[in-house]
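Take a look at this single chain, the form predicted on its own, given in structure tokens.
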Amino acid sequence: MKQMDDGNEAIIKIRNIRKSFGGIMAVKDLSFDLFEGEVLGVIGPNGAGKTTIANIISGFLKPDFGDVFFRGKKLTGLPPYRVAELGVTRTFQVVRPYPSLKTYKSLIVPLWSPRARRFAGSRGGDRDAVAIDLLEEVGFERDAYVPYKLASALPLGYLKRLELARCLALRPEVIICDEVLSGLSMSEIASLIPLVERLHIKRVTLLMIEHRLRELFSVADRVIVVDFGTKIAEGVPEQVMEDERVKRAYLGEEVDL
């Protein structure tokens, strides 16, 4: 089990966020920190509010109350493209490719973003080639035909990798992974875990929302557990899964440990 380096500071701070939909409280007075360079897992039963948390951080939802800060800058109320421009990116649980574009062309949009162009500077080069490099980084075979297929023709495993590649095109500081392992075969999951580990080594900060607990626990530094939108436990995986509140929250749920 990896531990965070001493002295790490919170890169994202969530403070007392609250969000309801039609009178149903999805997130209730939730606060936590995401530390620079760590892999933080967010787990909980179905309907616990996990994706709502991702949507609030990334700007797709505005909380009813509370704030989100990135390096001291308030993210609350910013549109998603502004959040991404600051360096906070996310994947989607339901993948969102450009179905009519060839796969590598799906990366041209983020590669032409102000943030990507600012990092590339005069060395931007051929963006088609950069797109192919990014796809290779996340597990596409460079010499195969797959990067040139329409995104709509890709199986789910490749679509999940494409989601990550689009994040990486923006040179992110933080990636929010919403169920990036869900729906994948065991072999697909086994091939994605090393990618997560490489991002961790590169000090990319990861917030991973997952149901695949065994795989998440193999890479996570720390885990928070939410139930009915409330944080009920926080700590290293071994500790939180021994918490009686966590056991009750998962009662009747399939816990894959």
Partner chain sequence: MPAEDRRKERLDRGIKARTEGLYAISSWREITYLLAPRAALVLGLLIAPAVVPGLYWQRVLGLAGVYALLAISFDFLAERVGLVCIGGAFMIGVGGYISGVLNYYFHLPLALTIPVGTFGGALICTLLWLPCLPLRGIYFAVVTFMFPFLAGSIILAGGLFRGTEGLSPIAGFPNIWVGVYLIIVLVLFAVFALRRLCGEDIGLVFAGIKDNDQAVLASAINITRVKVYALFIATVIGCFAGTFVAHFSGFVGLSLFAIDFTIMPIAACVMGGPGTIAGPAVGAFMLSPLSELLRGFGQLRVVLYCLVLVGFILYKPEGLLNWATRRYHQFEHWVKL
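Positions refer to the first chain, counted from 1. This one's a predicted model, so the numbers in the text were calculated from it and none came from an experiment.
Not pictured, yet referred to below: the form predicted in complex with the partner chain.
Asks: Test of understanding: in the predicted bound form, would Y98 fall inside 4.5 Å of the partner chain by heavy atoms?
Replies: Close contact exists here: in the predicted bound form, Y98 approaches the partner chain to within 4.5 Å, heavy atoms only.
Asks: Does the partner chain come within 4.5 Å of any heavy atom of P80 in the predicted bound form?
Replies: Yes, P80 is a contact residue.
Asks: Look up in the predicted bound form whether F119 has a non-hydrogen atom within 4.5 angstroms of the partner chain, and give yes or no.
Replies: No.
Asks: If you check in the predicted bound form, is E85 within 4.5 Å of the partner chain, heavy atoms only?
Replies: Answer yes; at least one heavy atom of E85 falls within 4.5 Å of the partner chain in the predicted bound form.
Asks: Looking at 173 to 181, 98 to 106, 69 to 77, 153 to 161, which stretch has residues with any non-hydrogen atom within 4.5 Å of the partner chain in the predicted bound form?
Replies: Single hit among the candidates: 98 to 106.
Asks: Among F60, F92 and P114, does every residue place a heavy atom within 4.5 Å of the partner chain in the predicted bound form?
Replies: Judged in the predicted bound form, F60, F92 and P114 all sit within 4.5 Å of the partner chain.
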